[in-house]
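Listed next as structure tokens is one chain, alone, in the form predicted on its own.
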Amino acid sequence: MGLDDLLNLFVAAILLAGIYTTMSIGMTVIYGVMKMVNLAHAGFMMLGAYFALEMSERLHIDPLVSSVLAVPVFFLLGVATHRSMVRFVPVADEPTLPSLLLLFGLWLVLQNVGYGVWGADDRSIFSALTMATFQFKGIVVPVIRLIVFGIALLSLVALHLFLHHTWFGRSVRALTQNREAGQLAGIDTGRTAMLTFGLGIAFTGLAGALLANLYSFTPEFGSSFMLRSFVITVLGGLESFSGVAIGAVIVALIETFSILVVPASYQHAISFILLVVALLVLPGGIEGLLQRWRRLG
């Protein structure tokens, strides 16, 4: 394998890391504030994919534009889900069995709704950009992947600005760091949790719609990506937004370059192996490792 091939794999991994970060940040935001593992993540991601498909086929809206439109739609869906179900689960300092069962049950419901509405056949989204490529000195980049990466990157920049320059963003960061102190400071935890759940689902829907531009999908679509999201979240440190970005790059690089030595049929095993390694070697995730380095420095 030549240098150009290795560079192509590296570029592909970086582009993949962008969408991986977007699909994982929603799970991280929800866990940070509410200490809930969103097991319905896969179901909402699947809905995001079919949202882009329906907007493209029925309203003839560009699927990339549909991905952006998914953000407000899924934010409202997340808020409605919290108001109707999630808010009745007691808040605790760690994931509880009722929250896990509720969200797992919601995932199964969403999956069966998908089968009932769209059937079990593979669906794909094609546009004028699907087969287009951009070439630069031996590096070939699919245009659709480059645009998806750009949208994902812009969404993450917007989230960073939102979390650091708005009152709600400061409330999210405060509750993530110390719930009790945040309550003493007068933060409305119920309202913040509701908006945070909506924000997390908005990013999940966006990720599902973006991924639908890259892969074919069925109602089972989100399952493998949910596992990757969980691995990235654990690897990043569960509550660290910067750790999620680093974890996404690591997972994307390992998955992409592993094709050189691992058969495609074993690709899903990589996520399980990374999860075990993260739990055994880095229980505090990358963020915990960085904090230890800062203290030693």
Partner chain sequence: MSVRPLLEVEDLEVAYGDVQVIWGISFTVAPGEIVTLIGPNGAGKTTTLRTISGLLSPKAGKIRFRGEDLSGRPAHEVVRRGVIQIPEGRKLWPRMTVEENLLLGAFAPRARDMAHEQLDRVYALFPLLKGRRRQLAGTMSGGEQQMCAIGRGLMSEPELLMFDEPSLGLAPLLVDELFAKITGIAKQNVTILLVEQKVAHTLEIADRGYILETGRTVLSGTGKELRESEYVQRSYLGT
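Computed from a prediction, not measured in an experiment: that's the story for all the values here. Numbering follows the first chain given and starts at 1.
Another form exists, predicted in complex with its partner chain; not displayed. Remarks below refer to it.
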I need to confirm a contact call. Of L153, L214, L195, I187, which residue comes within 4.5 Å of its partner chain in the predicted bound form, counting heavy atoms only? I187
Select from the listed residues S84, Q183, S127, S224 the one whose heavy atoms reach within 4.5 Å of its partner chain in the predicted bound form. Q183
Taking its partner chain as it sits in the predicted bound form, is T28 in contact with it (heavy atom to heavy atom, 4.5 Å or less)? no
At 4.5 Å between heavy atoms, is V73 in contact with its partner chain in the predicted bound form? no
Although the partner isn't part of this model, could you tell me whether R170 comes within 4.5 Å of its partner chain in the predicted bound form, counting any heavy atom of the residue? yes
Tell me, yes or no, whether S66 is in contact with its partner chain in the predicted bound form, where a contact means a heavy atom of each within 4.5 Å. no
Segment that reaches its partner chain in the predicted bound form - one of 252-260, 53-61, 40-48, 236-244, heavy atoms within 4.5 Å: 236-244
